[in-house]
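First, one chain by itself in structure tokens, the form predicted alone.
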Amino acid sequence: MFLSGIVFLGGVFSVFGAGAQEIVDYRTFFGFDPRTTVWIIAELHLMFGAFVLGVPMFAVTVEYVGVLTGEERYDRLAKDFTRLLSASFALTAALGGLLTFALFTLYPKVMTFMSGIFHESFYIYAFFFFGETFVLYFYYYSWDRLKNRKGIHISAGILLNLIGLIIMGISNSWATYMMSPSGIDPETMKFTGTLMDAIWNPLWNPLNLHRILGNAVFGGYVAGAYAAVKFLTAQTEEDRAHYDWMGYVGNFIAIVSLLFLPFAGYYLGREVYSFSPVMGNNMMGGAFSWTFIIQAIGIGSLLILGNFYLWMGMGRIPGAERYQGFIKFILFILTLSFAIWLTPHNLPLSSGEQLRMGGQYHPTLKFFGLMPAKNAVINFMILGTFFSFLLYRRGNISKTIPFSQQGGGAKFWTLIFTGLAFASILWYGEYLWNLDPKELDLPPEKVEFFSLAAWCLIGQAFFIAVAVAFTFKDQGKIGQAILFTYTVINTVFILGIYGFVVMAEASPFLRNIAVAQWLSMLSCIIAVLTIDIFIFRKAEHMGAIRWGKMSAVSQYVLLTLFIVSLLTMGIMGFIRSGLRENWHVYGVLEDTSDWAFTPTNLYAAKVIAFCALTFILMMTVAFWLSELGEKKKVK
């Protein structure tokens, strides 16, 4: 979390630093702890940066949907999203500049080392930052002028997203290099590689993927919270309807991105293990094991609250009462899975408590703290959330048109998307079938543990084909039910339980089990959703959705989702950066200051809470100022 921001001033600091009479390693901030100072500034910068990078993704998407549908409300919604973006962009830049000053003045030795490797990327970063500034304001202020030339306007939005991703990728390379340095001579511990060696370090791509999804989740929740406040203060039914819909869209985008985020986190964690088993063990079983329990509470809370909002939203849909009976079963699954998801492997017990329990580990609950159990229940929670969305989507649908009468386009796209899911499953199944145990540092006889996972994936592909066959026979609902049921059995009860066997007998293969579970879950979502779109296309409805008829409680749920996501993001950043412990650059540049220790969870919680509160206050001011500008235009 230490190296992101506007660092084009780095060269200037380096020049002045080189001419100083006394070279110091560390400085304090008016006598205050420099690490906490940088932590707070960097955290605030990342919170704003996540929003600034996340919002353009769905602003452009919503605008494009508006062009396709011809509905004005999509264009208004996209412009509302972009107005929030323009209001917070200046604060993001200001915090980036402040972070640059803090890093180069408080950690001159560290920044001299990093500048020696990344100095060229600083100027590239600055170039794209200026480009992003220009494109952002062109995209926003040309909205009305280019109203009849949407192709040009949407192209500007796409360019804005591409520049944002490049900026994020550059700053991610600095942060990940501190965790997984590459291009280092092991004998001299000096950097001998190229700039691309440093950028393309082992954790760069995993963090890129994780942050893209995380930014989308966070941006959606910020937009949802803004819509909730506007809904609660709206004076007209029209405004309430608009902001109710805006809150739904923001929450929908956040949930869709959240469905994929646990796998991205697992991918990042796996690569941390691969680069440094020491960091990996500290992450899951050492100093940060309890921090991960706190993080698990955050992720689980987001899924449960997201479902709760969907269930409340069914009250605005005529006919959705038909599906109210399913809610208690989904809630039971989510609650049980959540309890397992946050159960630790071991508990901090006194000697007397250990004697009464018979050891450090509970005889039953200890299994819930292992990765096979976590992998199983997170897939169960995601599938439960997806089922809630399907119920919401079908709420007011009455009479449908048979799939056979939907036209050639429906059949073509159904085959394309389900075919992609089918092919990806078979590809990974074949990979597991032919996997050489040597690749996992396992003896040859361990190959016997690979076949069950491969057969499960072959079964997944088979049931995708079955679902498609039923769909073409105008029995798409039956096909969906068969595929969804098999996926639950496969990911949760077969591969989930088998993970314990693999963990005991062929532990490195557990990472492949996790990928097999995730691919099965993802292929099910793609296939079922594709079928759902086309079997309910042009269907008759029991009535229009009553936007604006949500209770105040639902809006407080949106606000809570935003706060939980904000705190969870702070916790994840603390874990990632803290894994380096007493290293500025892991294994290369040691932290020799008085602050070279891992903060406690209590101290981290105080800093994260302070950052979250400060971010909320700053964002509130930014949105308030943007509202003043809009009111002035209206007058």
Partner chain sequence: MNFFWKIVLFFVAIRYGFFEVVFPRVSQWAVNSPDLLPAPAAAMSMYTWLMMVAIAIYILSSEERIADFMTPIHQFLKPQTAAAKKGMQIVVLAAIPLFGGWSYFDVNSPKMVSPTAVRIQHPTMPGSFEGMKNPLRDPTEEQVEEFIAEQKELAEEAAEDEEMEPVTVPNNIEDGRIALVSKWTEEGAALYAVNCRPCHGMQADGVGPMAVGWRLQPANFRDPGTIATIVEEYAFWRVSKGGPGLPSASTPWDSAMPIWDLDLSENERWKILLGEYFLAGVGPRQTEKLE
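Note that the coordinates shown come from a computational prediction; the quantities given were computed from them, not determined experimentally. Positions refer to the first chain, counted from 1.
Not pictured, yet referred to below: the form predicted in complex with its partner chain.
For the candidate spot formed by I327, Q360 and M503, every residue has a non-hydrogen atom within 4.5 angstroms of its partner chain in the model of the complex. Only one of 477-485, 392-400, 191-199, 331-339 lies within 4.5 Å of its partner chain in the model of the complex by heavy atoms, and it is 331-339. Note on contacts: among G116, G319, G286, G407, the single residue with a heavy atom within 4.5 Å of its partner chain in the model of the complex is G286. Comment: its partner chain is not present in this chain, but in the model of the complex one of T112, N208, S121, S276 has a heavy atom within 4.5 Å of it, namely S276. Using a 4.5 angstroms limit between non-hydrogen atoms, G352 touches its partner chain in the model of the complex. Contact check for R511: a non-hydrogen atom falls within 4.5 Å of its partner chain in the model of the complex. With a 4.5 Å cutoff on heavy atoms, K230 does not count as touching its partner chain in the model of the complex; it lies far away. Using a 4.5 angstroms threshold between heavy atoms, Q235 stays clear of its partner chain in the model of the complex. Contact residues in stretch 557-594 (any heavy atom within 4.5 Å of its partner chain, taken in the model of the complex) are E581, Y586.
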